[in-house]
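To begin, one chain is listed below as structure tokens, in the form predicted alone.
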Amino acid sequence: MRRFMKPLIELYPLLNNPQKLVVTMHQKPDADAMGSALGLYHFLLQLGHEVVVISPTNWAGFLNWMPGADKMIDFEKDTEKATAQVELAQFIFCLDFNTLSRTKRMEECLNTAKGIRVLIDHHQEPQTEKFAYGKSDTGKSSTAEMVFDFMIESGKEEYISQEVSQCLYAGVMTDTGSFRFPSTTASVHRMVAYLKEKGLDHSRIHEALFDNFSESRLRFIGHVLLNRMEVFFEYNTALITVPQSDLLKYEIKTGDTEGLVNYPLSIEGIRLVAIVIDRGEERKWSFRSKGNFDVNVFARKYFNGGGHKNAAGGGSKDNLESTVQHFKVAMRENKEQLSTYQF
């Protein structure tokens, strides 16, 4: 069993000749997953490779503006076609996920693929034995930033086109919370400056990502904040519980709940925010925190999840009421940390 991935620098010579490549990401991809995947797609195409981008599932409609999104394959929707592409691939780039299980029903296909798997990711505890080459860096703001580094370090930065720039900017901007999260390092600003100098129009991307929703989504957000949010000031915690009936009433689609977990962070003193959404087959959790409260550890311990120190997710097969009670027990167990408000 391989315990260590070979560094990406050793991969560059293998890409000097045209190859059949697949680029994939985690299920229900966000802007970082899709942005890094499509950015890499356009870069590799210019190097003469045959490249296919496969998403394990569908994706949010507000991401369809990304160049190349119309050419992506949805594994769940077109399993036979996607599987055939994976089987033909000589290299499989796996972006923005740390374990194959995060690709849902695509996991088995990736696990048995003959192609060489390459990991580029910034989540904790990567499944390194599954990847021949790769880099996992939790200090990076986003996978988009890591893909940018990959391009620069390859010595072929002249192929960072406008299509590449738009996709990568969307990924790094959203994963840094529009550059307000602690992960916004000096290297992030240097990356954005580089893309701007190449002609990036960043305002169009902000408009495409944030001003492209339905009226019902806005009414849904208002309903949720008014009726589904609990605030536990003694624990510096806010909890949002979304039943399936709300999703149906407001005709919520994939991506419409994106960013909802961040709203309660604006409440003074709140250190932990959790949102649970009843998706029918599973209850999906998202966690955000401020300061030193580690939601990656919290999600792994209580909700079979993980992620980053200040942003993580998880899931539960329990019904909505039971999993909410489980959260409240977990919250109380962490009272000592949560009650001490520090930055």
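Start at 1 and count along the sequence shown; that's the residue number. Predicted, not measured: the structure shown is a model, and the values here were computed from it.
Here the subject shifts to the form predicted in complex with a small molecule, a form of this protein not shown in this document.
**Student:** Give a yes/no on whether Arg102 approaches the small molecule to within 4.5 Å in the model of the complex, heavy atoms considered.
**Tutor:** Arg102 belongs to the contact set for the small molecule.
**Student:** Is it the case that Lys284, even though its partner is missing from this view, gets within 4.5 Å of the small molecule in the model of the complex, heavy atoms only?
**Tutor:** Yes, Lys284 sits close enough to the small molecule in the model of the complex that at least one of its heavy atoms falls within 4.5 Å.
**Student:** Answer with yes or no whether Gly314 is in contact with the small molecule in the model of the complex, where contact means some heavy atom within 4.5 Å.
**Tutor:** Within the cut-off, so yes.
**Student:** Would His123 show up as a contact with the small molecule in the model of the complex if we use heavy atoms at 4.5 Å?
**Tutor:** The answer is yes: His123 has a heavy atom within 4.5 Å of the small molecule.
**Student:** Pick from 52-60, 284-292, 39-47, 66-74: which stretch has a heavy atom within 4.5 Å of the small molecule in the model of the complex?
**Tutor:** Correct option: 284-292.
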